[in-house]
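In the block that follows, a single chain appears as structure tokens, in the form predicted alone.
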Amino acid sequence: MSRPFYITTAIDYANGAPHLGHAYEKVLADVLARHHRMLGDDVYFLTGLDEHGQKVQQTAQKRQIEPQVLVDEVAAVFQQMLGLLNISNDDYIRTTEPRHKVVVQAFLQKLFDKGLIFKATKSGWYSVRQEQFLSDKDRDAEGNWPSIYGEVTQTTEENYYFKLSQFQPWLIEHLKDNPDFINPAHRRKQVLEFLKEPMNDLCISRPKARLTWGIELPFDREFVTYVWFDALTNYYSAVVDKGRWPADMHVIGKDILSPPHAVYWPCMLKALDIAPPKQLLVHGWWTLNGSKASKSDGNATDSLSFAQKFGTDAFRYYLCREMVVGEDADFSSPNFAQRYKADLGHNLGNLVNRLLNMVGRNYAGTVPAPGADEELEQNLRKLWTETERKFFAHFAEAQISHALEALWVFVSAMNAYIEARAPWKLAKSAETADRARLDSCLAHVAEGLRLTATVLTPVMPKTCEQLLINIGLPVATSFASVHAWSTVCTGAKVAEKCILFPPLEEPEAPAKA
């Protein structure tokens, strides 16, 4: 029986165009979802759009259009990005949908009925950009408000509050008892450090006098729901009728780990007697030539046009290979070109071309059965066994970059194996032993490519499909066949040629948002 696996991304905020950070998070989650499907798991993959809040209302007012018109436009653009990047999500939730609103209001009513929501008038500092009240601990070392908060003003306002503070002891114990709840581990340590200070109760409403674009509180129609309480609920509202909860993995950026996902969300669920998600997978930020890539800083990469120009799979590979999950990474056009040429073109692509050329020339396009079994062949098979172990171990930790690094050691070894075997020389020999070596050389390269393309399919699905078809094999849908070296390629009919990665000129610097 297949194991259920429910994975989500953070839902994007409907106040701008997609950028590199959005693209990476979707690709990361998609690769993990596809990997789990090939493991045989019953995967459900959710992404979507966060559509309420003050910034959306203000943008719509400036354009003199209704907020719903604005978010419909933004949703179309984000869904276009999903198509371009070949994202295999099972669902796309929008927080303006009735199925979401009804769950948010049910949550609020239950918390209110349990006495966990109260009304109070408070004065404090408010960030319009982040749509949240701030405290002095949010200031920097010099006592100033960091730029991420934008304009910060003193506000006195009556609102409703969730008794977040009473769940602080439980949350600390939960983090200590569940070391895998936040991955990587150093992010968990940061949250525990954050929790050393007493938590304030969470303001979960905004008065309609200044914000009308939101979900009304079911117990007071003069207020709408705070955007974070609304947005976080999407993970549950999308699957409440599907029996999928709890989520196995929330894929999020480090900027929204604490407090939203690591504090607000688990405490909300605890208050509602609902199990927390099993893991928060926290990725870092992309920089662009050393500067942070973001909408607000005006230097966000135009990921859509970049993927269109150089190919979706090459773009997916670069993002997965370049960023170690949990750390930051820098995006640069020269580095992309180097990865494309070295890893994809000269290494993997060249290996495929060598195989097709030699099989076509010497075997009328049919992969031979392995003949000689000497030390070179034995070493290659041993290396695959080690590669396969490392590859799946790294994926189990969601460290895709490390998995690809291990896989490319094997790809490079196959090229070195061909150089050592020199099949172009063996083909000219009249010796029976040399013909047996030629048989084995091409059979082993074909099998090595089959194994490589199979495990690489979640990262580069279209490319691996093309690769397998061109070496005469069916498209990979399962990892079941990769755990042992086989002779399944024997007798396969290969294509005459296959250009997986066309040569490209040095790409220009990515367009800026």
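Computed from a prediction, not measured in an experiment: that's the story for all the values here. Residue numbers here begin at 1 and follow the sequence given.
What comes next is about the form predicted in complex with the RNA, which does not appear here.
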| query | finding |
| --- | --- |
| Non-hydrogen atom contact His346 with the RNA in the predicted bound form at 4.5 angstroms | yes |
| Proximity of Lys189 to the RNA in the predicted bound form, heavy atoms at 4.5 Å | yes |
| Contact test in the predicted bound form: Trp424 vs the RNA, heavy atoms, 4.5 Å | yes |
| Any non-hydrogen atom of Lys493 within 4.5 angstroms of the RNA in the predicted bound form | no |
| Contacting member of Thr312, Ser165, Thr155, Asn415, with respect to the RNA in the predicted bound form [4.5 Å, heavy atom] | Asn415 |
| Heavy atom within 4.5 Å of the RNA in the predicted bound form - residue from Lys254, Lys122, His174, Lys110 | Lys254 |
| Region of this chain that lies against the RNA in the predicted bound form, out of 242-250, 223-231, 87-95, 407-415 [heavy atom, 4.5 Å] | 407-415 |
| The RNA in the predicted bound form reached by all of Phe194, Arg354 and Met358, non-hydrogen atom within 4.5 Å | yes |
| Heavy atom contacts to the RNA in the predicted bound form at 4.5 Å, residues of 74-93 in sequence order | none |
